[in-house]
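A single chain comes next, written as structure tokens; it is the form predicted on its own.
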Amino acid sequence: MPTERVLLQAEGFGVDYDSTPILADIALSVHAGEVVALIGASGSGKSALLRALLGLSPATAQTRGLLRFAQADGGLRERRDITPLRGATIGFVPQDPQTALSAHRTVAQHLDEVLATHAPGSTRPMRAEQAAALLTSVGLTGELLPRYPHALSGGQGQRVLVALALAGNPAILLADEPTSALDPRATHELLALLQAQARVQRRGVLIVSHDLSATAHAADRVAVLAGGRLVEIGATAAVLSQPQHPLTAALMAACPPLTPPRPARLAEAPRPAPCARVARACAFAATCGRAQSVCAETPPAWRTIAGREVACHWPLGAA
């Protein structure tokens, strides 16, 4: 979406934990009205990148490169201290309602606390009205306000987390594995909700997930992460129909489709090197069937193939 306002932009972004490279050369953007899916296997660096975007990296972490967020006037501003942006500019949707929500507080109490933080001068009746409106905006009703988290279904709990993330009217939502504990129907409904936040409210949405087949169908673009580096970025339809990086193809083969027919047996999940080895060229070199010696020695350059960007010495579309 090149004509839309850029809400988040990383350029040459990297993170070191105690001088150990965890993320390197991250170039990623999220535009208004756009859903981007950040996909990667366990250990790929998804969580480290999400923490960095939220300003929650360990105190000993060092960052490199540029990280910019939208300003009220529409421009971009480089940010090192992201703490003031959480809630008002960046909304965060955690993974598990049962751990993110206090078991001793009702939905109304959770929403009231967040709303009071963003509107210190508001009255309790005003916040109660806003809380009901937030639940309506995520497809729930005010009947859930007096309930405790244990009385919510998985889908309802996840929608409450989205409502909490929306309480500060953020420009961008960052969702951490939001469908990992949901059944297929609840998964579809939640992804449709996040899509609507992008389309109707013109927010940017970044969904972090290991499940390419589920999450990518809700996304406009897909970014694939391996070993702390991005390896493929492109429009969802192009990536799903003809992946160019061998790791992307392996991730797709290991994910069950949302609709029948389902294969009798899925391929084994890919096992790229963990992100702590980010400096060692291609993280997939040790297990990729197309790898040659250069893959373990030299970081691949980005190239454009079939309408998307891919960092691979031997992409699937190459002769």
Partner chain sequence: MTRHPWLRLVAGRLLAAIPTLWIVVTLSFLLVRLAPGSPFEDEQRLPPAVRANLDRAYGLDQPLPVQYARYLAGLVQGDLGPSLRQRDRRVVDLVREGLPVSLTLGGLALSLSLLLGVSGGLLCAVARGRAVDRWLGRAAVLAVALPPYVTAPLLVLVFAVGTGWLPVAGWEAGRPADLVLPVIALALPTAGGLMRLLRASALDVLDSPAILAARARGLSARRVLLVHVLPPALSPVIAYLGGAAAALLGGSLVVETVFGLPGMGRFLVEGALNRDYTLVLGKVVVYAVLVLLLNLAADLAALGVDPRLRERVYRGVPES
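Small disclaimer: the values here were computed from a predicted structure and weren't measured. Numbering follows the first chain given and starts at 1.
Just so it is clear, the following notes concern the form predicted together with the partner chain, a form of the same protein that is not shown.
Q: Quick check on H150: any heavy atom within 4.5 Å of the partner chain in the predicted complex?
A: The answer is yes: H150 has a heavy atom within 4.5 Å of the partner chain.
Q: Can you work out whether P94 and the partner chain are in contact in the predicted complex, taking contact to mean some heavy atom pair no more than 4.5 Å apart?
A: Within the cut-off, so yes.
Q: Is there a heavy atom of R64 no more than 4.5 Å from a heavy atom of the partner chain in the predicted complex?
A: The answer is no: R64 has no heavy atom within 4.5 Å of the partner chain.
Q: Quick one: does R79 come within 4.5 Å of the partner chain in the predicted complex, counting heavy atoms only?
A: Heavy-atom contact with the partner chain at 4.5 Å: absent for R79.
Q: Could you check which residue among T136, T117, N169, S122 gets a heavy atom within 4.5 Å of the partner chain in the predicted complex?
A: Of the candidates T136, T117, N169, S122, T117 is the one lying within 4.5 Å of the partner chain in the predicted complex.
Q: Are all three of I207, S241 and R308 close to the partner chain in the predicted complex, meaning a heavy atom of each within 4.5 Å?
A: Not one of the three qualifies.
Q: In the predicted complex, which of 101 to 109, 70 to 78, 225 to 233, 136 to 144 comes within 4.5 Å of the partner chain (heavy atoms)?
A: Checking each option against the 4.5 Å cut-off leaves 101 to 109.
Q: Quick one: name the residues from 47 to 67 with any non-hydrogen atom within 4.5 angstroms of the partner chain in the predicted complex.
A: Going through 47 to 67 in order - heavy atoms within 4.5 Å of the partner chain in the predicted complex - the hits are R51, L54, L56.
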